[in-house]
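One chain comes next, on its own, written as structure tokens: the form predicted on its own.
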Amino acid sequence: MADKKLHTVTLEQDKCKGCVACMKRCPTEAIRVREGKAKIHYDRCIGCGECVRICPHNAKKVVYDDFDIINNYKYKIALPAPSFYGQFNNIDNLGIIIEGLKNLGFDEVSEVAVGAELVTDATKKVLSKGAIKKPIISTACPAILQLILIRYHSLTENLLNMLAPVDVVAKLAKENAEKKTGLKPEEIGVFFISPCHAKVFALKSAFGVKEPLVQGVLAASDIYFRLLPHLKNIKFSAEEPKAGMAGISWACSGGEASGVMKDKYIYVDGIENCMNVLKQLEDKKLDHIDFVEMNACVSGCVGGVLNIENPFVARSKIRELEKYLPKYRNNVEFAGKDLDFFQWEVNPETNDVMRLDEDFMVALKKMSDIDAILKGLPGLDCGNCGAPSCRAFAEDVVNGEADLSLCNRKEDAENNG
């Protein structure tokens, strides 16, 4: 598991009111509220964005690179996510966005949707070999991948060992730019325009690859506002997008699964729905399914917290593009690469952050102590103690992170009992 010293969401202390909304929504119980302020346990954070969405005081701040970072490189390449196209109104010619990005300061635009088509084709070829345990779980959403590596270790054999489309495009773009420009690798900057902070963490932590493939991760919202003035002056563009709808549809939930075209597949979005499906997968209740696509954000990447547009509206805009674009434009043969190019260079490691202790006997003793404390708690999961559940609170007490006196409902429960 990657080092969690990299924080892609931070807390603005002055804005936090200690309302526990974020704490109750976190799927990995990574948040506590102590002394009236939220506290994030980054070793458990998966970057799903739930705390950012739910915070009524806008106290959570997503961390990403400043746009000016591109000026540190002689040759600058933008990698727009497929979901980026869903942020704009009345654009049927994607060449306008590509040209606008060049006017903004990029020398080249490499569409991540191209990588999505290539990964789709490579996935079909890998699945035809039958080497991965079914149901096969997509790893395109880094938040879901991290969730599995933290909480659902038994499902790691089901993971699709395929690079994310942005990784594929980043490798291709850097390789081609070196040949075209003759510049040194360190003089070429590759920048992903991201819809979410899960991808910020994944790309900077080199998930599935030996070293980071991009030099910066920019927020879709920041680039959107910088780009708008440039788009006003472009009525028509001769720039031709290189991706078809098979790649662009990855912006929305179901885009990957439908492209893989397995007979028995499901796609799920929203972190709570994904956790329900992961539990069913763990319990062997979905063994009749071949392929499972999961996205932490509602509606898929168009629902990422770094976007501007309402995800349902953005999804509609993506679908509108079907009128103007062909289904496919890219495949593995066209790219001239073998399957190894598209697969993980290193396998992401599981994380035992949920383990009570490294020592098995100590962990057993802690579990017994937690159960004993739980018997004296009200079982309301009210959050008044600053923990998301009574069990999480009991664990905090056993680990010396909270005092039992923080439960102000215990006496009420005892009196009512």
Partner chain sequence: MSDKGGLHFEFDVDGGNFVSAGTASERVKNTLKQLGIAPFTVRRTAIAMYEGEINMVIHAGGGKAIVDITPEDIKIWLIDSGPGIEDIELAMQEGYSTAPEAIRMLGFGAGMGLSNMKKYSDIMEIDSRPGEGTKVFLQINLQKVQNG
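Residue numbers count along the first chain shown, from 1. Predicted model, so just to flag it, every value in this text is computed and none were measured.
The following text describes the form predicted together with the partner chain, which does not appear among the structures shown.
Participant: So, in the predicted complex, is residue 174 in contact with the partner chain at a 4.5 angstroms heavy atom limit?
Facilitator: Output for residue 174 is no: heavy atoms all beyond 4.5 Å of the partner chain.
Participant: Hey, in the predicted complex, is residue 380 touching the partner chain, heavy atoms inside 4.5 Å?
Facilitator: It does not: once the partner chain is placed as it appears in the predicted complex, residue 380 has no heavy atom within 4.5 Å of it.
Participant: Even though the partner isn't displayed, in the predicted complex is residue 69 close enough to the partner chain, meaning a heavy atom within 4.5 Å?
Facilitator: Residue 69 lies outside the contact set for the partner chain.
Participant: Even though the partner isn't displayed, in the predicted complex is residue 54 close enough to the partner chain, meaning a heavy atom within 4.5 Å?
Facilitator: Judged by the heavy-atom cut-off of 4.5 Å, residue 54 is well away from the partner chain in the predicted complex.
Participant: Where does the partner chain sit in the predicted complex: which of 46-54, 358-366, 60-68, 380-388, heavy atoms within 4.5 Å?
Facilitator: Careful reading of the contacts points to 358-366.
Participant: Just to confirm, with a 4.5 Å cut-off on non-hydrogen atoms, which of 180, 279, 327, 102 contacts the partner chain in the predicted complex?
Facilitator: For this set of options, the contacting one is 279.
Participant: May I ask you to choose, among 153, 319, 226, 124, the residue with a heavy atom within 4.5 Å of the partner chain in the predicted complex?
Facilitator: Exactly one residue meets the criterion: 153.
Participant: With the partner chain taken in the predicted complex, which residues across 371-398 come within 4.5 angstroms through any non-hydrogen atom?
Facilitator: The stretch 371-398, when checked against the partner chain in the predicted complex, contributes 371, 391, 395 at the 4.5 Å heavy-atom cut-off.
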